[in-house]
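Just one chain is shown here, as structure tokens, and it is the form predicted on its own.
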Amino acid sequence: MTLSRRLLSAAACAATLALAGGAALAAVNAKTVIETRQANFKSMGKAMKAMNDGLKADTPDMAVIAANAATIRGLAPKINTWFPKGTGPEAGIKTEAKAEIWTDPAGFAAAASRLEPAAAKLETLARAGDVAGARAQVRIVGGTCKGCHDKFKQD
């Protein structure tokens, strides 16, 4: 076999393997994306719990509240990037994401975009030591989360 035929044969073999492995690679990537998104949402949930628990104290540690609000504020603008096509229920991987995320992307983006400014305001209030304001704002942040969960997350 000539060198050019061997190269052509190797290229054809590589292309066949790439196509065959494409579905497996997509499944691995979907799994990684879903696991990463779930980890990010767990971080946000832990931050919400820490703030709610902390604000129940007679004298809350406002630095802790501000740090947790900053966690949510920092992750919030990334939410829309956590849901690429192929990472919903059709991926065959356990996810609580509803199909509406992909069938109503504008609605999802609008709902998700409300979180960052709400968390930023909470962080500002906490850094200023405004306990009453932070207590009120943490409910708003929670309501913002709930608004998205109600339509786009399975129970």
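What you see is a predicted model, and the numbers here were worked out from it, not measured in a lab. Numbering starts at 1 and runs along the sequence shown.
Not pictured, yet referred to below: the form predicted together with a small molecule.
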Heavy atom within 4.5 Å of the small molecule in the model of the complex - the one residue of Leu55, Ala112, Leu125, Ala91 that qualifies: Ala112
Proximity to the small molecule in the model of the complex, single hit among Met62, Ala120, Ala50, Met44 (heavy atom within 4.5 Å): Met44
Contact label in the model of the complex: Gln38 to the small molecule, heavy atom within 4.5 Å: yes
Proximity of Ala134 to the small molecule in the model of the complex, heavy atoms at 4.5 Å: no
Partner contact for Glu96 in the model of the complex: the small molecule, 4.5 angstroms, heavy atom: yes
Partner contact for Ile34 in the model of the complex: the small molecule, 4.5 angstroms, heavy atom: yes
